[in-house]
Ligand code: PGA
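Let's start with one chain on its own, the form predicted alone, as structure tokens.
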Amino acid sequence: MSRLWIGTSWKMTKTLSEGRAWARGLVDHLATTHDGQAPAGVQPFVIPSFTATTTVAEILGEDSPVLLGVQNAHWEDAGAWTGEVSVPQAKDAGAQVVEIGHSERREHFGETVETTRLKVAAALRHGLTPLLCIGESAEVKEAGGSSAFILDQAAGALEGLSEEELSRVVIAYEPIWAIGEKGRPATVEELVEPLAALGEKYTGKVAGLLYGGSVNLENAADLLGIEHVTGLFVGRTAWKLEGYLELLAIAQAHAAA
């Protein structure tokens, strides 16, 4: 079995001192319990806000088993794009992963299928891992269109990629109705069909197929048990270091089972 990806995005949270403390705690934990390595069978990753990228990169160190990401990046390498950050700039700051197409970016900042395609290509062009987020609204779900909707989102963003390029992509399925402060945890039964559709198309072809959406310590093991799921992309539960460490332990136990 491939490694289970366990990661978190801090969104617009944490000061530098808070981010520093979280990262230092993770490094210390891995040093004392795993000889500085990742838990067996697990690929940890963390995506802080841009302001904390270099700080977290320095604490993790160059040979860290923890991958570092950014929450967005522009598709152009440079230019007159006020307020944006390019993939080369993100890479220079220490990033190895680029989160692309989160539903909040789509809803509030005009992200489209076309811009996700451009950003995936830019990340791959510079040797970074695109973490493509896809997910449907409650209205689409209620109409029975979840699988078709997310397959279209994925296909549009991954159009034209070679097999080698596709093998470097991670997909995170995050149904909009299940994420955020007002989201409700999805049941395993609700997730089986859309994840089966994604798995049929992408299992063995992409680097990982993650689930995200109201993941917590109570449902993490069940979510990892869904067929085709190879990791979790976690919000609030992982913002406290203790929660993230417990998620790593849950994933390690699942990988060993």
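Note that residue numbering follows the sequence shown and begins at 1. Being a predicted model, the structure only gives us computed values, none of them experimental.
What comes next is about the form predicted together with this ligand, which is not displayed.
- This ligand is not drawn, but in the predicted complex it has a heavy atom within 4.5 Å of K11.
- This ligand in the predicted complex is not approached by G19, whose heavy atoms all lie more than 4.5 angstroms from it.
- This ligand in the predicted complex is approached by V234, whose closest heavy atom lies within 4.5 angstroms of it.
- The closest non-hydrogen atom of S214 lies within 4.5 Å of this ligand in the predicted complex.
- Residue-level contacts in the predicted complex: of A178, L158, I150, V98, one residue has a heavy atom within 4.5 Å of this ligand, and it is A178.
- Only one of 123 to 131, 82 to 90, 179 to 187, 137 to 145 lies within 4.5 Å of this ligand in the predicted complex by heavy atoms, and it is 179 to 187.
- Residues from 93 to 111 that approach this ligand in the predicted complex with a non-hydrogen atom closer than or equal to 4.5 Å are H102, E104, in the order they occur in the chain.
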